[in-house]
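Just the one chain here, laid out as structure tokens, in the form predicted alone.
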Amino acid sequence: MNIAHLLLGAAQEFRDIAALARGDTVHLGYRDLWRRVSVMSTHLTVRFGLTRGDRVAFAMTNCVESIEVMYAIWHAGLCAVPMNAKLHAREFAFILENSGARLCFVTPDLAATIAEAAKEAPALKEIVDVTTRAYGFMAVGDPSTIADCEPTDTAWLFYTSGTTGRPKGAMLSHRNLLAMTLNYYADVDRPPAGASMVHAAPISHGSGLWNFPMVARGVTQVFPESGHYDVAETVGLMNRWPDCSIFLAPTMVKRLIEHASAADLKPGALRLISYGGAPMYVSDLKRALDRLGSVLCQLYGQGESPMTITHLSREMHAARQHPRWEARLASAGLADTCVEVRVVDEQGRKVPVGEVGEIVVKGDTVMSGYWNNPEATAKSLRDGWLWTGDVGAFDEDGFLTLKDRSKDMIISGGSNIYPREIEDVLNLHPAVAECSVVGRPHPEWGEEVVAFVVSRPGSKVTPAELDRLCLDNIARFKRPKDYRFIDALPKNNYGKILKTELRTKL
């Protein structure tokens, strides 16, 4: 089993459909993309001397070449190591050294940074800039036969964001990626051939993982010429390439619905927004549904079980007449088709409906372990179950509501307080742009609640107003004891709020 067979099948079935586009312009059709990939594969094994299982990294601003590189890696039986283009040189150096990558592809904006990082990665033999003649030459030659791989061979080495220390490399196999792909059709969507996907979010993360179901269905993958998320540019591309799917982090969805250009979306331009990676507050969801219509699908997953733990479908988002509609919007939805999901206590025993515990998951999407890290693997994988570190509870209908990461839970006076519940309430205030809640040590109660608040430009909000909002919506003991007003919340390169950094400001 080789995940690159998805591209081979697409080249046979959708040969003349545009596979890749740069901005408004077609780059390659599926037949031509397959040929280029198979020729590049020859260069990887012959010119660079790589052998089955070798790691090949890439640090690239979103571009059409990223898809060429990935499929050439898999075609040759190698392992892709995607790196977020926004990482620091020290983070690049760690991943390159830890993975033992022998080759790294870059876009020119990152060439100097990777060259510096490579000094700490002795296994790395060469860096290839995808805008140079050295890369162009990789399209010259004879195609090679696709490599035979075992389903368990590692295809994608995904490094976690590392908010609490060194990132860990989650080993995702060809089987994991295929199971994730099939689950997309079961629980998310089945786009038709000739539809589109715009890659506005990093190709090294969720948007890149969605390339597989798009390739298998003959969808045109579109890369903004800017290489990043610009709302006006993205809207223009959706109009140019209609029936468009897109993966966005919740903050990106919020930017879209608050931007004037959202009004320029033509009927039929936007097919689906799948969102995930961080909480999406109910107030923002309602505004997005009002502005964009029933085009939203939530995904809850982790790098260790990519994009596949639970989902909240378009139909569930749209079911406004359901008596528990708002509660369902606040949830992460139902367990995905390809996995089993439980909420358990510290001993791994299932807890009753409504009771909070740690979320664990089992299935063909779950990683085989962490690269060269048996201690972390043993902690996260137990008896075939992935212990996510997330805390949540199932309701009687099987909807999973995430409370928080277990490490973010606040215990005050013996009571568990989940920051997200408070954040949901604070976000109801029209002057609040963003907020994050953490616990502060307290000599009597153990911890007390502190809220960091970012106000909307030109707006002001007082602690008294926020206090009243909380008292009207949640129990008094959950109310923040202190409000800190700041210009921006600290975030990592995937847009997740760094609560560890907020705690240093207490």
Ligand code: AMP
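Just count from 1 along the sequence shown to find any residue number. Note that the structure is predicted; figures quoted are calculated from it, not measured.
The form predicted in complex with ligand AMP is left out here; the points below concern that form.
Peer 1: With a cut-off of 4.5 Å between heavy atoms, is R102 one of the residues that contacts ligand AMP in the predicted bound form?
Peer 2: R102 lies outside the contact set for ligand AMP.
Peer 1: Wondering, does I411 line up within 4.5 Å of ligand AMP in the predicted bound form on heavy atoms?
Peer 2: Contact check for I411: yes, within 4.5 Å of ligand AMP in the predicted bound form.
Peer 1: Can you tell me if D153 lies within 4.5 angstroms of ligand AMP in the predicted bound form, counting non-hydrogen atoms only?
Peer 2: Answer no; every heavy atom of D153 is more than 4.5 Å from ligand AMP in the predicted bound form.
Peer 1: Taking ligand AMP as it sits in the predicted bound form, is H174 near enough to touch it, meaning that at least one heavy atom pair lies within 4.5 angstroms?
Peer 2: The answer is no: H174 has no heavy atom within 4.5 Å of ligand AMP.
Peer 1: Name the stretch: of 422-430, 210-218, 346-354, 294-302, exactly one has residues whose heavy atoms fall within 4.5 Å of ligand AMP in the predicted bound form.
Peer 2: It is the stretch 294-302.
Peer 1: Could you work out which of L270, V188, V130, L402 is the residue within 4.5 angstroms of ligand AMP in the predicted bound form, going by heavy atoms?
Peer 2: Going through each option in turn, the one that passes is L402.
Peer 1: Which of these residues, A319, A147, A278, A89, gets a heavy atom within 4.5 Å of ligand AMP in the predicted bound form?
Peer 2: For this set of options, the contacting one is A278.
Peer 1: By 3 Å or more, the Cα spacing of R349 and E447 differs in the predicted bound form; is it closer or farther than in this view?
Peer 2: Relative to this form, farther apart in the predicted bound form.
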